[in-house]
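A single chain comes next, written as structure tokens; it is the form predicted alone.
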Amino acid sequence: MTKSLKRMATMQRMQVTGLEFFYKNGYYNTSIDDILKELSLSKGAFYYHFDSKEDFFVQIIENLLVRKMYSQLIEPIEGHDNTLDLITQCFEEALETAVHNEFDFGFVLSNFINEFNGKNETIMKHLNDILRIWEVNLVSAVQRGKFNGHIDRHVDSEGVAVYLMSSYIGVRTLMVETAPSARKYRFMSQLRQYFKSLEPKTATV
């Protein structure tokens, strides 16, 4: 393995392990020493790749968290099929993944937003950027559904997006410790009922 590939592999290992520790224990309750001990790496190796703990976390956001959010909650709703079906399937699969994750500590993005809010403006900007991208994509998906005739044209696209984000974050929080499978089932049942209310209204004679 060339030196550059080895450096990239080391950075990747650090970031993956760092995300696991920060997600499980929180940013402020995790030290760089905790992560390095897990990987059997020196502080010299860490500071060769990263300027600080904050820089390390920002790179985790940019390289891992953005990718995770995109693949799980954004890319699946970008197709031209029925928007409501796409979102339903997207949420169903994302929540099912959480049900089977024995190390589930909640929705990673909202966990970090709650932890950093009012404490670190730099990191909050990066986290809020992801939130805005998710919101914009949901709004676009709803507007596409209206254009394609799957959603009533009078529906408030921005309102639907905010409601979907809020409800998803909420159920992920509720699923952490108590009956995750049952809570997922009830949430998805109500989501389907809600989506029925968004379908085009048929004229009555």
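Since this is a predicted model, take the numbers as computed values, not measurements. Residues carry their position along the shown sequence, with the first being 1.
Keep in mind the form predicted together with the DNA is missing from the figure; the text below concerns it.
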Answer option from 148, 178, 31, 166, heavy atom within 4.5 Å of the DNA in the model of the complex = 31
Candidate from 64, 162, 58, 41 lying within 4.5 Å of the DNA in the model of the complex - any heavy atom | 41
Looking in the model of the complex, is the DNA within 4.5 angstroms of a heavy atom from every one of 105, 110 and 126?
-> no
Indicate whether the DNA has at least one heavy atom within 4.5 Å of a heavy atom of residue 201 in the model of the complex.
-> no
According to a 4.5 angstroms non-hydrogen atom cut-off, is residue 10 in contact with the DNA in the model of the complex?
-> yes
Contact label in the model of the complex: residue 144 to the DNA, heavy atom within 4.5 Å = no
is_contact(residue 139, the DNA) in the model of the complex, heavy atom dist at most 4.5 Å | no
Stretch in contact, per heavy atom within 4.5 angstroms of the DNA in the model of the complex, of 149-157, 49-57, 170-178, 65-73 = 49-57
